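We begin with a single chain expressed as structure tokens, specifically the form predicted on its own.
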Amino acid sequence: MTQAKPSGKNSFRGADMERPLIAVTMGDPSGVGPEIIVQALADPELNRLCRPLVLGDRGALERALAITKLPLTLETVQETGPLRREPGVVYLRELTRLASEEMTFGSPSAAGGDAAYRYICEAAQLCLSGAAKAMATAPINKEALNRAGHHFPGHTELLAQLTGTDQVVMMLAGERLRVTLVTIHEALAQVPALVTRERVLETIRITDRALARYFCPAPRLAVLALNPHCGEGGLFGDEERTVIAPAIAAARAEGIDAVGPLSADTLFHFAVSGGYDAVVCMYHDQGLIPLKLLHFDDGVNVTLGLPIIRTSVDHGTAYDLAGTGKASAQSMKAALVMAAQMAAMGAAPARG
């Protein structure tokens, strides 16, 4: 893999500057990332909301345009944007020039993993410097990332290191439901030990701060129980009494509008009816099953707690669909729209 030296125009007109610049990482070049990005950017509504700048590989994007047969052209730019915004143009900051064998559809490679890593690092730096107001990420492959020598479970952990952040929270969101997670990718048998008072309280705090800043001024949070029927008075477990309820009490003492513990089998009905702005869930499937039932195509993954805005698609590389042009771009569009909306509500502070 060789390093690209992009060239082109590098300043914006004043009118364009009013819309936030969103750094869009191309993700794994062997997956659906390039295809869903160009499909999303074909929607003129996105250019009215923001200035997307793709960080990626020209060859991969040209291939995606050929597959999707979209009437778009690529313009390579050197800095953080072009002089003008032309309809039908995808603006690219070219960071890699991959050989075709390094981005075979459906086949993770070390070169592809390293490329995805470079895109993420560049996007984070653009956000930290203030050049970009948010980043929206296409999916990566953890195997490829690790084969390239970058040993992170995924975007979240990498971005936490790049931004010097100790505590982050995953939020999955759509128009009807938002969920945040106390534990994420953990074996179910390990979850009870990981649901501690401190971890529940910090998840509530981060959720409250982020929602108040970017979504609604006075968020109402529902906090779920871990056990069926809230433990049924201790018959099915006592984490509700010993861990979750004390965390909620501490949050309420800080002025956070959090209620619970509430039973997961009934709470979501009230949440999607507008009773709560977000639901704090104890483990992965407790939150993601209802979220994906409602927002399978347009769900957005948001990393809360970072000093930058980061949104992402709520799906993986979809290797089985890569190269077919059939992958849905709805989640990518939703991630870009949410990034623009969050930036408009209040850009994250610049660092460094």
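Note that the coordinates shown come from a computational prediction; the quantities given were computed from them, not determined experimentally. Residue indices: 1-based, along the sequence shown.
Here the subject shifts to the form predicted together with a small molecule, a form of this protein not shown in this document.
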| query | finding |
| --- | --- |
| Of C281, A123, I140, I204, the one that lies within 4.5 Å of the small molecule in the predicted complex (heavy atoms) | I140 |
| H315, R51, H295, R63 - the one with a heavy atom within 4.5 Å of the small molecule in the predicted complex | H315 |
| Contact test in the predicted complex: R118 vs the small molecule, heavy atoms, 4.5 Å | no |
| In the predicted complex, D43 touching the small molecule (heavy atom, 4.5 Å) | no |
| The small molecule contact at H150 in the predicted complex, heavy atom, 4.5 Å | no |
| Proximity of A327 to the small molecule in the predicted complex, heavy atoms at 4.5 Å | yes |
| Listed range touching the small molecule, judged in the predicted complex by heavy atoms within 4.5 Å, from 140-148, 98-106, 67-75, 232-240 | 140-148 |
